[in-house]
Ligand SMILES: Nc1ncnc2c1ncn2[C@@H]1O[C@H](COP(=O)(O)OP(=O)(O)OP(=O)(O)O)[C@@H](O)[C@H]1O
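Shown here is one chain on its own, the form predicted alone, set out as structure tokens.
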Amino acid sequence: MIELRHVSKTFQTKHDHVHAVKDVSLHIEKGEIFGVIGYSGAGKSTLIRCINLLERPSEGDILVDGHNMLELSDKDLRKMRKKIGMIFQHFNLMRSRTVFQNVAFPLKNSGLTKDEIQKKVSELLSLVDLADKKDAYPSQLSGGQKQRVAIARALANDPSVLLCDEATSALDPQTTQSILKLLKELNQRLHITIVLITHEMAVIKEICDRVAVMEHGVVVESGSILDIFAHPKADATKKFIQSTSAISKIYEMVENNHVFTQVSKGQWLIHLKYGAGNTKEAMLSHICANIGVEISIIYGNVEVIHDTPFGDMVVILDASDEKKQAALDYLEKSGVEVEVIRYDCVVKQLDAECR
């Protein structure tokens, strides 16, 4: 549905050039929810605005549904833009118009009759669960309701693509969940392709099929959500994933020699990373019963992404070195990623007895 070929965008400032997007190439399939994540200044908002040419790229090509956006006439570009809906972080509603009038605005000069517009807008408001708010003004709505109005307005011309530029950043967590649920339902019901820009990995994890990670204007990593979460490669990706898990806190506590993570002579502190195929297996019970290793669980978490479970666990193993190594060998053969964080240290003292 969308193809970006070596897209770059450079802004001219008074004293310098700012390279907001650098040689980005992406394929976005029809009907998928594609996420672009990055910290502030990564270039993600500039990139999404290049798709509908709100920002014209300095270099490269942008194809939407087979049409090269940069080669269209002004008239054809206006027609294409009608098929690319867009919603924003701060809603961009017209405060002096009612909910009904805001949603109806894109249908001006559409050729539809007044009755047809009335029917269309009513259907859209029902779709976003705001039929009872049609005569309200934006100032009378909550943030989540305003975003629902913006979504209904973006759908007025039956677009095949919906661009979401930080669409949930101004919302509280509960409202964010309701908007993400709505977007997912619209994607499934209307088969609309969604491109979602965010700086929150929790948003990506919730609804996206694939994701591109941006840093300093460059896509440093891209792939399916499952692959990215299971095997992140770029440092920026790892940081985003850690932001959705408490596991990074454990490493911080280790660095600070917190009593919670200290181990006695003969003990190992290890991090176990479970995949889809082994979260339900009783591997720790097997280690205790058959290898003779005592296990203390320090931290554990299992979550489900796209119906696939992933998990992290931090435990202390206590046994002879031979038995502990046998336990690690068993875990690795079972498909668990194992990292020894700390081993063989005297409690509250890091000295020569530490290996």
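The first residue of the shown sequence is 1; numbering continues from there. The model shown is predicted, which means the values in this text are computed figures rather than measured ones.
Keep in mind that the form predicted in complex with the ligand is not shown, yet the notes after this line are about it.
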Exercise. Check Val18, Ser40 and Lys44: does every one of them have a heavy atom within 4.5 Å of the ligand in the predicted bound form?
Worked result: yes
Exercise. Applying a 4.5 Å heavy atom distance criterion, does Glu206 contact the ligand in the predicted bound form?
Worked result: no
For this session: Spell out, yes or no, whether the shortest heavy atom distance between Glu166 and the ligand in the predicted bound form is within 4.5 Å.
Result: yes
Problem set entry | Option from 317-325, 285-293, 65-73, 45-53 whose residues, in the predicted bound form, bring a heavy atom within 4.5 Å of the ligand | 45-53
